[in-house]
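Just one chain follows, in the form predicted alone, and it is written as structure tokens.
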């Protein structure tokens, strides 16, 4: 039950169309598959999605951090000694995606070792999560068609609208077009990815008060401390910290500074262990949480479902779980099904994201 080896495998799978947003765009899943093999022969897996425009990590940096820093220090450690493992990883600052993927792979190995689904080990609150779908930068008419298709094909009724453009009229027109076309029964919320200033965000909110929006995520850079605090105080809807709160310490800072009134948890950058710390902080303070997405593959989406369904607080809102629908393929052996707007947890040992070895061989980029 000790860690025998840690492997990082780079791979590339194209998206059928790019997802564009205020801080960048993604056209290819150039990710890293992280594998932890134990001395008993158990293999735990996780997906690491580099997001250099948000966290500064690249495919190469994730592999180097895990291979050169974490692996030499962790081989020989029991997979159950999670505090020892995290004490090692905390010696290296930042590199949240590398740490998160390694943590999830270890949890996957733990679940397989004890013969239990990870969602039960984490809490086991429910057996599925509602799905929210992201709508990126495209003409409003295309986004309306996409939303209708998601509703008709998968039963999805919650949508995150990527905003943060200039002129502001582009975003306001998109919001109004979606609300008008989708009706009042569909939930809409916004993610500006720091694309506006706090004052611009306030202007958009003033011009969309009749659109029944439910949340506003990362409206501006958190460094705009005073103006962002003023926005949070005056906003009629929760202001969510996402990329400004990747760790429990960051979430504490933003909440105490008044920079947000809700927190987005992403297992891809926090793993399950730090996500649990963030969740405990939020539930203790009575702060709403959402489950976010790093434009994840099905492997990453199943990790989000495992954590989100494990807890009552994280299962209240729809989780961002469907970006894999825009990928041309995936590494997973048993593909995810979205039924009636929900994704079910896997009732198998571990996270449930078994890898198709033939696809991994076809898409890996180091050979």
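A quick note: this is a predicted structure, and the numbers were derived from the prediction, not measured. Positions refer to the first chain, counted from 1.
Absent from the display: the form predicted together with a small molecule. The rest refers to it.
- Only one of 224, 274, 254, 242 lies close to the small molecule in the predicted complex, with a heavy atom inside 4.5 Å, and it is 242.
- This chain is drawn without the small molecule; in the predicted complex, the residue among 119, 266, 228, 133 with a heavy atom within 4.5 Å of it is 266.
- In the predicted complex, the small molecule lies farther than 4.5 Å from every heavy atom of residue 297.
- Among residues of the shown chain, residue 35 is not one whose heavy atoms approach the small molecule to within 4.5 Å in the predicted complex.
- Residue contact check for residue 320: one or more of its heavy atoms lie within 4.5 Å of the small molecule in the predicted complex.
- The shortest heavy atom separation between residue 315 and the small molecule in the predicted complex exceeds 4.5 Å.
- With respect to the small molecule in the predicted complex, the three residues 103, 247 and 270 uniformly fall beyond 4.5 angstroms at the level of their nearest heavy atom.
- Partner proximity in the predicted complex, defined as non-hydrogen atoms within 4.5 angstroms of the small molecule, places exactly one of 121-129, 275-283, 160-168, 144-152 at the interface: 160-168.
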